[in-house]
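One chain comes next, on its own, written as structure tokens: the form predicted on its own.
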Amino acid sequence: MIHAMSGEQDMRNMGALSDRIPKTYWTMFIATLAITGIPPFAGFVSKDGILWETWTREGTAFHLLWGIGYITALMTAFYMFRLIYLTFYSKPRMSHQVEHHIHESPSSMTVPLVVLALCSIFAGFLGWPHSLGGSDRFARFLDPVFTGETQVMNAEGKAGQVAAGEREKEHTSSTEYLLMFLSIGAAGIGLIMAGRSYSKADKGYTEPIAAISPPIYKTLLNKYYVDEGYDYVFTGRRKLRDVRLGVMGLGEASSWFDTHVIDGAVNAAGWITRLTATISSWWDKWIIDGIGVNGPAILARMVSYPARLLEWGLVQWYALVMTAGLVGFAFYYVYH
């Protein structure tokens, strides 16, 4: 379909394609009849069999499950015929460029579609139910597969429930026909609802549920916001205000922890080491070497400097000083 529509994937932008791509249309239409449970297509046999097996089990819970299955079948019929109407019927809603390039898909795609369509038509006869004159060959073919399961159920005390279901199937054929009729009716209701809603859909059409309840339509359109919730909680592509959760949030938190805590601790250790080394170097230079080692030497030089002016270590100098002293002493007493 994408190939035939030149890349267009939104069926809201299609319409009136039944004559332009007939092979795709007919195979899709057959598939729709099958999946919605229209007899004698294969989907009818499988859907009716599931609903009937559910109904014939003992307990209210199984009847509740039948109701859920029936509503699901009704919804399936509605959205499948919605697909048919929006894609192949109604009015064309694609752009002019896309409309100009619409063509049937190649054989590599249409041949498998035809094969699947034929299976949808005839495969159901392999499991055609007894109530409609069939022999359910497929169920008899699978009997050896479920023999072990029957033994396990007998061991667990569920044989009574199975036997009750068998008796129900044997003695309530009218109920089976009624349920079968309701099942086919679900497909008909889905077809009618989809036809009334989308048979005349044109560009800019409004979904019926959007007109009735915009919040519900918005919720369904956004798939119950599952993707958004997944992005908020698991991937973290969306923020809860200023907080990012999920994998990306964990990555950001890890990056922040690595930058501010791990690298901060490493940088702090380096800064403390450099500070300690600076103080140690200053202490060694000015206290140990300056005061402890060089200080006494400087003090000794300062104290010895006056003495060095007088004591040169020369005998002649000492004799000259002594002579000058005696002359000065004698001169002092003579002229005093």
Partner chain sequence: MQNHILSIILFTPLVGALILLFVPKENKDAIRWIANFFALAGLAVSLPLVPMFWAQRFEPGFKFIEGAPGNWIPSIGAGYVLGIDGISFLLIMLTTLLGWISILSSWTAIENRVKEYYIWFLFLQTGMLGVFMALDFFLFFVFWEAMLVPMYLLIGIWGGPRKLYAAIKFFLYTLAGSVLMLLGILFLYFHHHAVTGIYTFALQALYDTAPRIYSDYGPHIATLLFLSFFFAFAIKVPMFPFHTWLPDAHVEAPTAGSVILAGVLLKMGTYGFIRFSLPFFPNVLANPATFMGMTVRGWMIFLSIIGIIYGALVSLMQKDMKKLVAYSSVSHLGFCTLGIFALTPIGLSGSVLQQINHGISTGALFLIVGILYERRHTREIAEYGGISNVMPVYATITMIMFLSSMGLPLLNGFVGEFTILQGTFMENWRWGAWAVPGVVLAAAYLLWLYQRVFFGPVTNPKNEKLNDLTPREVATFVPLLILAFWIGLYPKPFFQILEQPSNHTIALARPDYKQPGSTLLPVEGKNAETTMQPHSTAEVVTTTIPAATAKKGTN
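Small disclaimer: the values here were computed from a predicted structure and weren't measured. Numbering follows the first chain given and starts at 1. Only the largest set of C-alpha atoms that superpose within 1.5 Å between the two forms is called the rigid core.
Note that the form predicted in complex with the partner chain isn't included here; everything after this is about it.
Position in contact with the partner chain when the complex is considered in the predicted bound form, options V226, I262, L240, I212, heavy atoms within 4.5 Å = Result of the distance check: I262.
Since exactly one of V114, V98, L250, M193 fits, which has a heavy atom within 4.5 Å of the partner chain in the predicted bound form?
-> Looking at V114, V98, L250, M193 one by one, just L250 meets the 4.5 Å heavy-atom criterion.
Looking in the predicted bound form, is the partner chain within 4.5 angstroms of a heavy atom from every one of R244, S255 and D258?
-> Every residue of the spot touches the partner chain in the predicted bound form.
Hey, in the predicted bound form, is N267 touching the partner chain, heavy atoms inside 4.5 Å?
-> Yes - in the predicted bound form, heavy atoms of N267 and the partner chain come within 4.5 Å of each other.
Exceeds or equals 2 Å, Cα of V266 between this form and the one not shown, core fit = The answer is yes; the displacement is at least 2 Å.
Is V243 one of the residues whose Cα moves 2 Å or more between this form and the one not shown, with the core superposed?
-> The answer is yes, as the C-alpha of V243 shifts between this form and the one not shown by 2 Å or more after core alignment.
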